[in-house]
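The chain that follows stands alone, in the form predicted alone, written as structure tokens.
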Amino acid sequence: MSSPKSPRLPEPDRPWLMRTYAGHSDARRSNELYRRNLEKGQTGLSVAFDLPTQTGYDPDHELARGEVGKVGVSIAHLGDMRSLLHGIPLEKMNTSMTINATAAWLLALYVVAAQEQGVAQDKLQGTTQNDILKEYLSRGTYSFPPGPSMRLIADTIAHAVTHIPKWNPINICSYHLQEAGATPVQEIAYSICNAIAVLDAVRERLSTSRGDHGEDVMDRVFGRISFFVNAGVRFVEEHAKLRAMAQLWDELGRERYGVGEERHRRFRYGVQVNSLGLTESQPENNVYRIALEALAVTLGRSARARAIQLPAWNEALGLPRPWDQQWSLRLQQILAYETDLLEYSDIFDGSRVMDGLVAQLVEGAREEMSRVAELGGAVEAVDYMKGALVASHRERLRKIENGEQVVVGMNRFTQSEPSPLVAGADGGILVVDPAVERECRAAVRRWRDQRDPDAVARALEELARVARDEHENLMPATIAAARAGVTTGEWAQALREVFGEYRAPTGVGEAAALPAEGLVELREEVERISEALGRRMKLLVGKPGLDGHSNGAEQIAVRARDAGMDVIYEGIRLTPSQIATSAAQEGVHVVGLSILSGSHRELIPAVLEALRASGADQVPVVVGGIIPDADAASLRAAGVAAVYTPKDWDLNRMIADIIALVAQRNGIAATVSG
């Protein structure tokens, strides 16, 4: 009688690429951090850029105020890229750059820095995220209108496939869609619709642009597209989502683009697990959440991630320290090297539960993809998708508020011992030295003074010429500009002058009103106070600076509107003076400011000063964001009426507070309070 066949693989699966999403302050400090992380066993780089770099502004631009080096590293020119990569062998390194609007520019800087190390383009390995459509939908780091942005993406892909064949020139990013509230069905559908828009743009670009790209170019393009996905704590459903995406991606390659080789149709993805579900309250629980979410992308071999970066336990509090990032890296290493999950074939093969869940997700995604197609594709359907994400995020918050969705430590099991992890003087987070911004401003001015101005002028003139000629690829001129010493802000401004400016939809107007249930008291109070005021209570929601994470601001705007207020929300990327001018001209009763980038210490006082200058200093200001307790106390001392952080998750309570604040400032007795 034969013995049962061993379920173990003859050779274990190789571990995935292990990254830590990192970068802060300036290039020198970030280089030191990268080299320490590599010494600890990290196997690839994942570069976080600050908001000015992501949106195309130099450190000394007005909109960069308070943002330099906060959520990533400041890279203003080739000298910064040299410093960032000093001592890192680029011929061996796999580098992921989370960059979108300025992806072509950062890739150009990387290419030139590598060439200075003696490494040719065709030896480089890595990824540029380069997915602008999800920026319009979720994260806000766009610079140009959709049409020119799609051209930039297509040109980057066409250049990379030909000249940097080991590079993934785009990482279709469903991660931020889930952070903006996407359901699994929406995350699948919208990310694949975004990929279709990109592939169609590349195909058209290749057919009309100059150059011999080869007969199999679309096969190679399809094969170099990767995805960057999210994995939430419902890890069984999240794993099914990945299998569904793999199935739909394979079908798309065969049926729409005629990709014959299976290796080119393989669904290749990297992952950062969910940050949306990390809590400020009882933050130690986030370690368990991150570990469980990592299982979603490692358990099943046929849908296993090939690159993973995990958030730190304290990212709901602020910027993680090196030790916090090390803890997340060790979690990956324990999964890969201590457990047996790499030793077996796919443990979900033949599972009726998994197969049924995958089929359900595929069906739902196809229906949603059809809706987007009916609207003309992802570019034309940005407004629709944005509104749907706002509505889904609102539904998620509603379930948390009424206890239907349990979040341990937040809406259930809230009794807790003080966390020793946040007991230190630093509050458990890394705070960027305010001197960094001054240093970066001075450094970019020195760079401009020391370069060849004629070479810079010629490079920018050529870049603008190519931008006006739709038949030429922008990458060669961009690489030449990087080599000439052009700055990030100059490159982007040259293209803005050709392409124009753009403001993405907010989704607030498209989100349907909530039912009256649960809002009756708030609506009655708004009506009563509005009558006493002599006009409708009016709230201005503002996003100062470059922070594009607008999910919280959108939900406050929608809930205030549903409670009966007039709401002004003009979207992201406003200067303090613009917010103050709008508040004065609109005659608002309260201003709500949202900042998640850590720039609150600089920008909130600037808004208060601008309100005083515009004669609207009597208007109360409330603030929401990732704000440490010490900073919250300073903001209150400066004149802010209330500060809300992620632990303040009950939107109705916040709206009640705002209503009561307006009543109190206008001498009206309030009957509803938070």
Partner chain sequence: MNGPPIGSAELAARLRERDTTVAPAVLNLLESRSPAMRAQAEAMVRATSPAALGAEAGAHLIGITGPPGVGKSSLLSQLLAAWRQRDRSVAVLAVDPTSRRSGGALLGDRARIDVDPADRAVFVRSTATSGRLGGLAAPTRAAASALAVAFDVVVIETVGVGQSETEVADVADTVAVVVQPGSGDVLQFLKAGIMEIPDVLVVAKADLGAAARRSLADLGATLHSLHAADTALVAVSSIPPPTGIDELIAALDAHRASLDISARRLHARRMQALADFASEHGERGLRAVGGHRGAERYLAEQDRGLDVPALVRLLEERAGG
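The structure presented is a predicted model; accordingly, all values stated were derived computationally and were not measured. Positions refer to the first chain, counted from 1.
The same protein has a further form, the form predicted in complex with the partner chain, not shown here; the description that follows concerns it.
Just one listed stretch, out of 88-96, 562-570, 303-311, 151-159, contacts the partner chain in the model of the complex at the 4.5 Å heavy atom level, and that stretch is 562-570. At least one heavy atom of Gln585 is located within 4.5 Å of the partner chain in the model of the complex.
Among heavy atoms of Arg446, none comes within 4.5 Å of the partner chain in the model of the complex. Though the partner is left out of this view, Lys538 does reach within 4.5 Å of the partner chain in the model of the complex, counting heavy atoms only.
Although the partner is absent here, Ala557 is a contact residue: one of its heavy atoms lies within 4.5 angstroms of the partner chain in the model of the complex. Comment: the partner chain is not present in this chain, but in the model of the complex one of Gln333, Ser83, Ser577, Gln405 has a heavy atom within 4.5 Å of it, namely Ser577. This chain appears without its partner; in the model of the complex, the one residue of Val508, Cys193, Val202, Val185 with a heavy atom within 4.5 Å of the partner chain is Val508.
Using a 4.5 Å cut-off on any heavy atom, the residues of 609-628 that reach the partner chain in the model of the complex are, in sequence order, Ala613, Gly615, Ala616, Gln618, Val619.
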